[in-house]
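Starting off, we have a lone chain in the form predicted alone, written out as structure tokens.
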Amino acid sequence: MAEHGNSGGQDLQVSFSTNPGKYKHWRLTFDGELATLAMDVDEEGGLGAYVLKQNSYDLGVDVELWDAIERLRFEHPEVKAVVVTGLKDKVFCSGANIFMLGLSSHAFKVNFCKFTNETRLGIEDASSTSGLKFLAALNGTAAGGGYELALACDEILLLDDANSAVSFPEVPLLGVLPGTGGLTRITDKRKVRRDLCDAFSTVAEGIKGKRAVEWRLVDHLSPKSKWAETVKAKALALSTQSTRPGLAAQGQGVTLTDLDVKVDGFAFSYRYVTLVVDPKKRTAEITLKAPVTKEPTKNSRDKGADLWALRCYRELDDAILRLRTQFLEVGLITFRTEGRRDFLLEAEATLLQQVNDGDWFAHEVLQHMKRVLKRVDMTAKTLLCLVEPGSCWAGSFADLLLFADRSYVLDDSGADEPATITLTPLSDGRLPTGNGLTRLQTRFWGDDAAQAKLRPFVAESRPIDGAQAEKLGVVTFVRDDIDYPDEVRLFVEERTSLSPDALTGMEQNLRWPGPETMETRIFGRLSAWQNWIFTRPNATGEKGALSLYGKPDRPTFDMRRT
């Protein structure tokens, strides 16, 4: 069988655009203020030459889950609680498909784990910031990634019978780790005692019944005879904790229409985003565009999915996911911006005002912008921002600039529109990154004086010119029109010549100074531990546990501990 996600060229042609009418693996139904998201994986519907037995999942299954969560937030404001359950007998979800992982390249495995992590964090974000509550109704065994999905929910209800259990079999059976935040969530989120976590994670068959409750691995049990009524009762109880509009917003949802993208070789053109890839140079360029006309100043919901702030960031999300899965060898993304700064500033100021006024749709748009920027932050490619005359580094675009690994300003005082940067109140707490801080706080971690100097610019949305930007530390370097082209070119050539492994380690360490959160720990461990473990022969070597899973041969381990 062909290897999944090889290292060169366009690796995996997977679309991140779907809708409930196209789902192969999930069933989404509604009952007043409750929704049910039921996993019913089509065994023959995988992305590769493997069978998705026992509700195991691959990237295609998780794309549908991610899409469903987004649609629940935007299209169904009446829903306050979601039941996540399974439709297979005796199994909720057996986790990531082992044969898919065995066929996958190292790069694909890590990107797959990253996307599934982001999806589960999206569930938790929907609960914490939008009041959409989740009940994992485990109608059978939840193993590995299946239990990790349950852990992302607010509460877990387990069927109390002789078979149903929760388990992390990765260490004893596969020689790897629960790769979508499992170990972090049972300690940091569910507060399971450390030695019990150790015992749980080395027992392949898992824990069931009353012991699962006593160890805090699940919250509730229900016998099969009372299953349906218990699920509904627990979901309704969760819904009382929700801050969502509920039935008062029936019919107000906004449909997430398909994104139109024109593909011409290695160029991908959306309405507000353009992505151009140069495979030979291992680079990509993303251009972000401001609104081309004025946005609504009263009800943003009138424009629906065509609202600039929603559409632009949905397009950016799609472009980043395309780069991750189709162009693994691209090592550097150059960001440029263009368009009417005044239109962008007015659009975002209106959105923020509507959020402050309690508009649910504006709130969801802003939360979506936050999640997409986090996706950019978490992408294992160098992020370079170029600030040039006529560009539009303002508002949320400027937040991207603040987090870039490197930024350059072309200081051309003779230009009709000299390069400037405009920070706005959005940068002052509305768009936090994974460490829980704003990008402004993250950039100037430990330097309160530098942050204080920028407060007036942020509060007044006052433009910062090139000379000021360098002095205030908003950008890395400012260069004149003689030095700028060569310095940028040399940086790109140098950066793309260095070891991708070393760069990923360096960038991921430097992007989140300051306090750790569950989110940064999850991704830090993914980047370090999973990158290492997935390449060790004990897991993926010819005689490794993951490679030999389902075969008669037993793995052979290199027993040296390092």
Partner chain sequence: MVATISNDKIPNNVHLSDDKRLQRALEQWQPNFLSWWKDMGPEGFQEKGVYLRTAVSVDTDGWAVFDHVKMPDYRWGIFLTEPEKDRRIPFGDHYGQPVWQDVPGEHRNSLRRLIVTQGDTEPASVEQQRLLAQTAPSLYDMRNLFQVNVEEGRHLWAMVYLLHSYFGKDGREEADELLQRRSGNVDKPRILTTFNEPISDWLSFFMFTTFTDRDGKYQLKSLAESGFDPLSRTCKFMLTEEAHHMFVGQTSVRRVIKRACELMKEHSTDDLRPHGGVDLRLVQKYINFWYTASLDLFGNEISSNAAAYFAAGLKGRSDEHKYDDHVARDGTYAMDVLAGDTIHKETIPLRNAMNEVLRDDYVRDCESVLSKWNAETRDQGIDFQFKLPSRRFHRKVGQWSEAKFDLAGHAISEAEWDQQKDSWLPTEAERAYVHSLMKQVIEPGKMANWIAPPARGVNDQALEYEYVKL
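Everything quoted here is computed from the prediction, not taken from an experiment. Numbering follows the first chain given and starts at 1.
Below, we turn to the form predicted together with its partner chain, even though it does not appear here.
- For a residue to qualify, one of its non-hydrogen atoms must sit within 4.5 Å of its partner chain in the predicted bound form; all three of 202, 224 and 554 qualify.
- Although the partner is absent from this view, residue 549 contacts its partner chain in the predicted bound form, with a non-hydrogen atom inside 4.5 angstroms.
- Proximity of residue 490 to its partner chain in the predicted bound form: non-hydrogen atoms within 4.5 Å are absent; the residue sits far from the partner.
- With a 4.5 Å cutoff on heavy atoms, residue 255 does not count as touching its partner chain in the predicted bound form; it lies far away.
- Looking at residue 125, you'd find every heavy atom of it more than 4.5 angstroms from its partner chain in the predicted bound form.
- Out of the listed residues 353, 241, 163, 297, 163 is the one that sits within 4.5 Å of its partner chain in the predicted bound form by at least one heavy atom.
- With the partner omitted from this view, the residue of 375, 439, 208, 336 that lies near its partner chain in the predicted bound form is 208 [heavy atom within 4.5 Å].
- Remark: of stretches 456 to 464, 409 to 417, 208 to 216, 473 to 481, the one touching its partner chain in the predicted bound form is 208 to 216 (heavy atom within 4.5 Å).
- Looking at 76 to 90, the one residue that comes within 4.5 Å of its partner chain in the predicted bound form, counting any heavy atom, is 90.
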